[in-house]
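Next up: just one chain, as C-alpha cells, the form predicted on its own.
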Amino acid sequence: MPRALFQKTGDAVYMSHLDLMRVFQRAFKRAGLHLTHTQGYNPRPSVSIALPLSLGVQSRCELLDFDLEGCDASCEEIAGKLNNALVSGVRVLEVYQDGRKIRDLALLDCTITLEYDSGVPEDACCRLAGLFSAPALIVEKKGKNGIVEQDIIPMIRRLTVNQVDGNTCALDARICCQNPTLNPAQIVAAIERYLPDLKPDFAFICRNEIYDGNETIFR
C-alpha cells in the first residue's frame, strides 16, 4: 500500500482532522486517482492518517496511507498530482511504497513555542528546564473514562529550552507518541499548573519528525 509523507502548515493548521480527511479524498478525486473502498454495508475510501493532529498544531511529518484502483502512475507522479489538487498549507513531500507498520511508530520531535506579550520573564528558561528535570510531573489528561492524572516525565526522552528573542521561548522535545502517548499540549499544561507566572500568552506546537522505539526515523 502506498504511503504519503505530508505537511500541514499555515492556515491549514485550523482544519480539523475530519476536514483534512475530506480534503484528501477530494484531492484524490480531482487528481484522477481513484481510491479503493472498504467492504461491507458502509464502504469508505481506503485512506487513513497515522497520528491525527489536534486543531492548531502544525506538522512537517504526517503519514497518509491509501490504496488506489488500477493505478500505474509512479510515486513521484502521484505526489505531483495530489499537490496540484490540494489546498494551501497541505503539501505532499514524498510518496513511497512499503512503509513500516504504524505500530512501530513510537516517538516524535516537536517544538513548542511560548510567546509572552510583555517579554520573556526573567530566568524563564532556567526555571522551565528545571521543571522538566523533576523526577515526576503530574498533569491532568482527559480520557474515555473522564479526567485522570498522568506523570509525563517518563514520556519525555529529552527536552531543551532556549530563548529565541525578547518575547519568545522554544522548547524542543522528543516525546512518546504511541503506547504511551504524550500530547505536547500537556507540556504547556504542566507549565500553567506548576509555574503559573510563566504561563504564555500564546503557545504554538509543531511536529518536526517521527521515530521508532530505537530513535530511527520512521517511514
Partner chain sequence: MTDLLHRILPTVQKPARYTGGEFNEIKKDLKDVRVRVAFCFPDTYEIGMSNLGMRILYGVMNQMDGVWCERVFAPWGDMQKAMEDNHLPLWALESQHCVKDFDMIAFTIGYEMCYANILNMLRLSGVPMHSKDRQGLKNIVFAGGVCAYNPEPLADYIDFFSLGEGEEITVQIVSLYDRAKAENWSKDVFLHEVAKIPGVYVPSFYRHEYNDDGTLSAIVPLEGTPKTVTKRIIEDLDSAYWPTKMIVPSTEIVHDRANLEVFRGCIRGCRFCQAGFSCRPVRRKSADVLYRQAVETLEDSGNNEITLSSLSTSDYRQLRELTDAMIPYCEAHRVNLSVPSLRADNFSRELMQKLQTVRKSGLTFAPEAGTQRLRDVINKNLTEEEILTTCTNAFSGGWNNVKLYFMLGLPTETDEDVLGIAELVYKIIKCWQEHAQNKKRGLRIHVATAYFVPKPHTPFQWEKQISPAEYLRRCKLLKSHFYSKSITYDYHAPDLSRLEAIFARGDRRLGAVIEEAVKNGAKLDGWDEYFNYGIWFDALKTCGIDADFYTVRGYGEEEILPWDTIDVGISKCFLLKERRQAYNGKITPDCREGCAGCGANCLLQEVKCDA
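Residue numbers count along the first chain shown, from 1. Given the structure is predicted, the values throughout are model-derived calculations rather than measurements.
The following text describes the form predicted in complex with its partner chain, which does not appear among the structures shown.
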Given 150-158, 58-66, 173-181, 23-31, the stretch touching its partner chain in the predicted complex at heavy atoms within 4.5 Å is 23-31
In this chain shown alone, the residue from V92, L137, A106, V87 with a heavy atom within 4.5 Å of its partner chain in the predicted complex is V87
Considering only heavy atoms, tell me if D98 and its partner chain come within 4.5 Å of each other in the predicted complex. no
| request: Indicate whether L195 is a 4.5 Å heavy atom neighbour of its partner chain in the predicted complex. | output: no
Fill in: Close approach of C206 to its partner chain in the predicted complex, 4.5 Å, heavy atom
no
- Should F132 be counted as a contact of its partner chain in the predicted complex, where contact means heavy atoms within 4.5 Å? no
Near its partner chain in the predicted complex, with a heavy atom at 4.5 Å or closer, the residues from 1-28 are D11, Y14, M15, D19, R22, V23, R26
